[in-house]
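In structure tokens, one chain follows: the form predicted alone.
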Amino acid sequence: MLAEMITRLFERSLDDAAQAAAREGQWLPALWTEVEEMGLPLALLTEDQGGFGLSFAEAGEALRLLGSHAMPLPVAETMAANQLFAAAGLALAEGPAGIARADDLTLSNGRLTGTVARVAWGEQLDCLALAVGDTLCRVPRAGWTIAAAGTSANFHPRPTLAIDWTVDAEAALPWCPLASGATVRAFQIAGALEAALDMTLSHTATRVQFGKPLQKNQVVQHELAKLAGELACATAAADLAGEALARHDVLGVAAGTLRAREAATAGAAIATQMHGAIGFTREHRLHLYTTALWAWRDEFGGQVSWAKLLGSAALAAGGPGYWPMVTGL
């Protein structure tokens, strides 16, 4: 039922004009209001916490839909931030929220200062779930200014925030915000790949060259199969990351999100190649998804940091412990 509601909302309110405006850095207040009225920012909370009490599969489907519609607003980040706030016993966000980890901030005499780079829609957020060491801080909008503008690969705002805030809302860190961010991005990547596959199947079925549809060529069929394979891997990897996050297993999150990010790279390349030159143009809808895949692939840790974490764990496990480590993910 929630999936149907999300689909109807996005089909009604997230049209090409809205996507184009978001890519120009324009906030979409009407869409955000509808998202809040639906209760999506609280979707990952239990019923006792004021949320939907979704099953794991239902929560994953909701996050995948954010990807399959290339949702430009920080809905996934707000869902993850509220989940962290609720687990830590802090007040929930009263609007859009962000999540970040920044260990290079300075805390002196109760005042937190420093910068946090590349926060999605940082100027529009109500608050930030910010991890500093083993502490989760709820930093309100008044606690930062914009230090530098920035954009992601899909042209959405990613400014650097200058934090200057007297700490008055903190709690023990339930789990790392990077793990939350990496997990929601894995689900979004799976959703975006599903949309890219649908568009590629449609294009190759209707585009005719040398008297027959592209899809009739064996080499094209091979590439379509590879793209479908990447989608299947990303979907399973996102589920793995989600299950691991639920038991606070960072290594499991690393394995899941890393495979999803690899699928983002491979899938975007195949979809673009199958569309030919038109797939590179900003005017084509595929561009929404390929650029989103590149942006989400590189956020909340990126591939290198998650690969290093897994590699370090494998080295620490040694020969005898390697197989149990892998099968335990």
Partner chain sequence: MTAIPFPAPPADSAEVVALRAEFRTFLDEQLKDRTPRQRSDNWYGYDRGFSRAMGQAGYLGMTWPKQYGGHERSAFERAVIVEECLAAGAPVGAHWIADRQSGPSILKFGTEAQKQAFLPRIAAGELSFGIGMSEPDSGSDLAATRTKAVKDGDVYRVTGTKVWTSFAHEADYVILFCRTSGTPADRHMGTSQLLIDLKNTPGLTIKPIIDLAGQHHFNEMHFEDAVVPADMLLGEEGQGWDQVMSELAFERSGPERFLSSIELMVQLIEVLKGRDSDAAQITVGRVTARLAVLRRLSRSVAGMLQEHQNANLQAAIVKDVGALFEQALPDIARELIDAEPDPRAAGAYASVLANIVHNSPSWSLRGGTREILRGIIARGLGTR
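Positions refer to the first chain, counted from 1. Keep in mind that what you see is a predicted model, and the values were worked out from it rather than measured.
Not on display, but discussed next: the form predicted together with the partner chain.
- Query: Counting only non-hydrogen atoms and a 4.5 angstroms cut-off, does Ser13 reach the partner chain in the predicted bound form?
  - Reply: No, Ser13 sits far enough from the partner chain in the predicted bound form that none of its heavy atoms falls within 4.5 Å.
- Gly25: heavy atom within 4.5 Å of the partner chain in the predicted bound form? Contact with the partner chain, no.
- Message: in the predicted bound form, is there a heavy atom of the partner chain that lies within 4.5 Å of any heavy atom of Glu299, even though the partner is absent here?
- Response: Although the partner chain is absent here, Glu299 would stay clear of it in the predicted bound form, with no heavy atoms inside 4.5 Å.
- Given that the partner is absent here, does Ala20 sit within 4.5 Å of the partner chain in the predicted bound form, heavy atoms only? No, Ala20 is distant from the partner.
- Task: Counting only non-hydrogen atoms, choose the one of 171 to 179, 118 to 126, 196 to 204, 144 to 152 that falls within 4.5 Å of the partner chain in the predicted bound form.
- Result: Only one stretch qualifies here: 196 to 204.
- Task: Using heavy atoms only and a 4.5 Å cut-off, determine which of Leu92, Ala102, Leu224, Val250 is in contact with the partner chain in the predicted bound form.
- Result: That would be Leu224.
- Query: Relative to the partner chain in the predicted bound form, which residues of 290 to 312 have a heavy atom no more than 4.5 Å away?
  - Reply: Residues within 4.5 Å: Gln303, Val304, Ala307, Lys308, Leu310, Gly311, Ser312.
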